[in-house]
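Taking the form predicted alone, here's one chain by itself in structure tokens.
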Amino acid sequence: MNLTELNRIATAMVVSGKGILAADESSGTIKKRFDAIGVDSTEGNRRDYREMLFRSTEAMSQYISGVILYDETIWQDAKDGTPLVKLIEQSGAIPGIKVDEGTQALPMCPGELVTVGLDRLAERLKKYYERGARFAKWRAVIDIGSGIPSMTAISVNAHALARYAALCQAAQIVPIVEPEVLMDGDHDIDRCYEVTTRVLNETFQELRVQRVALEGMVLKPNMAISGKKCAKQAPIEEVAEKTIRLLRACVPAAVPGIAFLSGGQSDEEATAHLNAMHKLGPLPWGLTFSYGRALQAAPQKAWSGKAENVAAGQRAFSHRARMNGLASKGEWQSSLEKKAA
């Protein structure tokens, strides 16, 4: 393992002013996205859509540091025969790959899930590295509800995250460690804070046990935020303050950076929360975004599967990427959204 190189890549992934595009939707998830805009989810349409994003010169070169790909996408070529990973590299961004294989019901823990995909992962990582991937992602899912999460669910998911991270570093690939506490319930921000603290503490304990070099990884956590069904939604400033407080308590300074997931927030909410956190610096790690839907909803709608709309889709993508790039430096203002409307 070349830790110097892993650290260089991890640091580049969370550089100020740029963030990570999560374009790793599973076939099922992107079908739902395409259904919403009236587009058939064929391999060709999925390729065309992602090629549109990766050829968005302004967004990719100025505001995107890396792209998380799905297994189908990393092997696809653009219409002109150029591998999609090469388009990403040519823009100056780093190609990455989602390597978990989804979730299964966790035995003896009703309503809870465990992420799977460790079998043959070492073999898959070698092939992904040869194709150009220099980082990977594994997502653990922790739900909040009546009597959950259990310590069992937190422990087994943290253990799997750590095993994945160790395998990545052994393959000279930077692991994005993503323990996501879902915001789907009716819990308040303090409940999210408490559960996220438990999850992060257990995750870093397991990372140490598995001898993962913290200098060669990136953390992708949720924010401390109210559940979607909570009657009282915490304001932007409270989300920022409590998120930074729990990260300072749980995340070692050796970690090069933190790239938030958007987790179902609206486009502007995700941007505003990230921006507010940068008002609370200086911070011991880079702090940026790794958004999927919050970067892609607008360009998907603008594109709508039509070749004549490619330029409009790219403009929408560039706008959202720029807004989040500014937020990752604490320079975003809501008035910038109105100007672009």
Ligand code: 5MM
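Here the structure is a predicted model, which is why all the values come from computation and not from measurement. In this text, residue numbers run from 1 along the sequence as written.
Below: the form predicted together with this ligand, not depicted.
- The three residues K18, D267 and Q333 each lack any heavy atom within 4.5 Å of this ligand in the predicted bound form.
- Interface residue among W303, Y291, Y63, F54, judged by heavy atoms within 4.5 Å of this ligand in the predicted bound form: Y291.
- Here is the short version: of V251, I94, L84, L261, the single residue with a heavy atom within 4.5 Å of this ligand in the predicted bound form is L261.
- K220 belongs to the set of residues with a heavy atom inside 4.5 Å of this ligand in the predicted bound form.
- For the chain shown alone, E206 is not a contact residue for this ligand in the predicted bound form, no non-hydrogen atom being within 4.5 angstroms.
- In the predicted bound form, this ligand lies farther than 4.5 Å from every heavy atom of E112.
- In the predicted bound form, this ligand sits within 4.5 Å of a heavy atom belonging to R139.
- Here the chain stands alone, but in the predicted bound form its contact with this ligand, taken as any heavy atom within 4.5 Å, falls in 178 to 186 among 232 to 240, 122 to 130, 146 to 154, 178 to 186.
- Contacts to this ligand in the predicted bound form (heavy atom within 4.5 Å) from stretch 6 to 22: A22 only.
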